[in-house]
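One chain comes next, on its own, written as structure tokens: the form predicted on its own.
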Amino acid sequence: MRLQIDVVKTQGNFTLQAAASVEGRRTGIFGQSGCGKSTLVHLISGLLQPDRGEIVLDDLTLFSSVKKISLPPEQRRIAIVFQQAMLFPHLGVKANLLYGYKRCNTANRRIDPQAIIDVLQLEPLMKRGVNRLSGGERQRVALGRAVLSNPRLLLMDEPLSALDDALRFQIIPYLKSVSAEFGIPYLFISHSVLEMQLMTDRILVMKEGKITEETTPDQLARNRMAGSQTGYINLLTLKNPVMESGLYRYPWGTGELLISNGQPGESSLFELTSRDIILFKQHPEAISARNLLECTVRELFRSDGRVGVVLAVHNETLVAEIVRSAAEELDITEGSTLFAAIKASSFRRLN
């Protein structure tokens, strides 16, 4: 997927003036509320028309003020999943799911409804009314409905922000699996750095109606480490633990990690914040933390008044965070050996 945007749109006192060219299947649009993310989504989908400019998706011109082209939404083959599921209340789950499919040109029907039902695990819901669904179930049906319209692009406009954390991390694997299984590229819109890390490969950052940079999820997390409430989020996929003395012992690289809130099973995703990693210059004589890792400093980076320390350990990488004065006192440089202490309770299981 290649999307080229160069548009201007004024609504009241707000003006969107966005220009970018982005390629890839998993693209994010990141920014705080009011920066213009949803306006941009509406312009791409055709729900709003730019005042001037051009939008080109692959080889199809969606809008051009110069060429006098403005394709209606139904001709763009772009589907949207909103923050609220917006299911039709008078229709059941099956009718909602097949709504776009039945209106899709037969020549474009390349996704089998049963395949979507299987991937999203919707079979137990098919005979229900939508008023009998949980928030997560509603979003899964909304996602299935969007995908069955057989779009060339899927727009996901803050699809997780109305869900609590437990439901958010249940839905994310479904969002990713749909794109991977059926080869549908997407734009994922959010103000959450963690969601950007989990869902995207490239990110357009928006501020005050403008696209200010194109970056990666890792670089976005680094840049916003100091100003975030949680710091940099390390994401670890761990599997096949062994229970020992009330803790889960997970293989990790060439070593292992002890975690208090693990679970039996093949795979779990954990987050570990950069602020939960305590660094020592020398091996401490005694410490209560169950994980003490000998590390090599691979890289240092600055984020406002903080220093990110990229650690190589057990053929894996972690990012720790310290204040600048601590980095100077510990004389941390690239290639230094440090010891990282992490409590077993510091790992948060996401799924």
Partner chain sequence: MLLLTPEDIQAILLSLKVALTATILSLPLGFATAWLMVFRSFRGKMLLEVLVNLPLTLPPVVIGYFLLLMLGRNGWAGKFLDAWGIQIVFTWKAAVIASAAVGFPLLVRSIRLGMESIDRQLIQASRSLGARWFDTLLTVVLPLSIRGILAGSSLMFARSLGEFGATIIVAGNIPGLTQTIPLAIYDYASSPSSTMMALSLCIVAVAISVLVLFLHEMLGRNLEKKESL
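Positions refer to the first chain, counted from 1. None of the values given here were measured: they were computed from a predicted structure.
Not on display, but discussed next: the form predicted together with its partner chain.
- Taking non-hydrogen atoms only, residue 110 never approaches its partner chain to within 4.5 angstroms in the predicted bound form.
- Contact check for residue 306: every heavy atom lies farther than 4.5 Å from its partner chain in the predicted bound form.
- With a 4.5 Å cutoff on heavy atoms, residue 206 does not count as touching its partner chain in the predicted bound form; it lies far away.
- Residue contact check for residue 82: one or more of its heavy atoms lie within 4.5 Å of its partner chain in the predicted bound form.
- For the candidate set 47, 69, 300, 60, a heavy atom within 4.5 Å of its partner chain in the predicted bound form is found for exactly one residue, namely 47.
- Only one of 87, 272, 199, 187 lies close to its partner chain in the predicted bound form, with a heavy atom inside 4.5 Å, and it is 87.
- Against its partner chain in the predicted bound form, the set 99, 129 and 145 is in full contact: each member has a heavy atom within 4.5 Å.
- Only one listed stretch (255 to 263, 162 to 170, 231 to 239, 145 to 153) carries heavy atoms within 4.5 Å of its partner chain in the predicted bound form, and that stretch is 145 to 153.
- For the partner-free chain shown, nothing in 314 to 343 comes within 4.5 angstroms of its partner chain in the predicted bound form, judged by any non-hydrogen atom.
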